[in-house]
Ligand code: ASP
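Just the one chain here, the form predicted on its own, laid out as structure tokens.
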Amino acid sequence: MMHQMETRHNKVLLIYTGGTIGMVQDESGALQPFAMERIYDALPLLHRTEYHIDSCQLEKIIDSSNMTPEFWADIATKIEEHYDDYDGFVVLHGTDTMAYTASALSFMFKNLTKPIVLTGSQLPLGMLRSDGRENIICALEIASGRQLQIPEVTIFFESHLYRGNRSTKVSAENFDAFSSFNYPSLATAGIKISYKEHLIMPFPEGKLKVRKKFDRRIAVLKLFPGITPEVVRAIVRTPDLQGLIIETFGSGNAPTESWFIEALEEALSKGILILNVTQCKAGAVQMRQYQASCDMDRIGVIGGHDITIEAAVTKMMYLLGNFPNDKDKVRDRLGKCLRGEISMDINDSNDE
């Protein structure tokens, strides 16, 4: 169902998926999502914007903790169906998994030429001190493209616009809930919105392609001092596992005990792809910088450079889902930059 406002020049589609920004308290005091129309009751200023806004919501609105690849596909479908009708899109989303969704959408939309801006809030829109008002208004302004057309999936939160697949939620309490440790913000909102044009991805030349397949058969293994062989082996022996992301120490280091390397070799022998991602918020995996990563490099573990865990998870599921019969291509693309998610030149020539 579409809700129309007064006709303006540029057009933006606002897509509500659920989350704190559209929450009300039930009788027990717990926050529950409410219908899209309530957002306009809470934010009548939207009627005064200098661009046209239409709104819609997913058939099922959810707490973002319940986000799945199927919901990512639903969001992508909404955008794809209306891609030619709007100058940009704003996705209202819960903060807990917003960085995952932004990363997933960035991989799904190849040759994107219009802004897709995700935003939300730490306090429900109906509350007096809600941060949602400013987040929505700025996100809509950015998505309208009136000042600058940004061909990226982004997150706007608390005065900053971040590349979506570089973003991470860093606070459960503060209004500045997101950060991008390995890539600068694309814009800041003060009295005016100041864009850093040299940091924004260039416009692509090819035709838009939207892929909605994800393979869930992956796992994340976070290392910690004292991790046991039984834990590692239980994960690598997960039935039908296709990919494994290891969150390692520092610049990609891991235990050098023989049992650990043997467990990884066992996984690799079954065709499981292994990606090495650092636990650190800032910095990058540098395979062979220390002895503690040499064995992983030797046996064929892929270095994840400075990718976030959110982008690593969604990228692996995306590649496995769309190239299920070509593990060599998936391996190659995991180590390269497709949508600006790692600090190296973009190379998506084989992402067809």
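As the structure is a computational prediction, the values presented were derived from the model and not from experiment. Numbering starts at 1 and runs along the sequence shown.
One more form of this protein, predicted together with the ligand, exists but is not displayed; see below.
Student: Would you say all of 248, 276 and 306 touch the ligand in the predicted complex, counting a heavy atom within 4.5 Å as a touch?
Tutor: No: none of 248, 276 and 306 comes within 4.5 Å of the ligand in the predicted complex.
Student: Tell me, which of 322, 55, 64, 293 has a heavy atom within 4.5 angstroms of the ligand in the predicted complex?
Tutor: It is 64.
Student: Please identify the residue among 122, 180, 242, 253 with any heavy atom within 4.5 Å of the ligand in the predicted complex.
Tutor: That would be 122.
Student: Out of the stretches listed (310 to 318, 56 to 64, 281 to 289, 297 to 305), which one is close to the ligand in the predicted complex, meaning heavy atoms within 4.5 Å?
Tutor: In the other structure, the partner sits against 56 to 64.
Student: With heavy atoms only and a cut-off of 4.5 Å, decide whether residue 74 touches the ligand in the predicted complex.
Tutor: Looking in the predicted complex, residue contacts with the ligand do not include residue 74, since no heavy atom lies within 4.5 Å.
Student: Tell me, yes or no, whether residue 95 is in contact with the ligand in the predicted complex, where a contact means a heavy atom of each within 4.5 Å.
Tutor: Contact with the ligand, yes.
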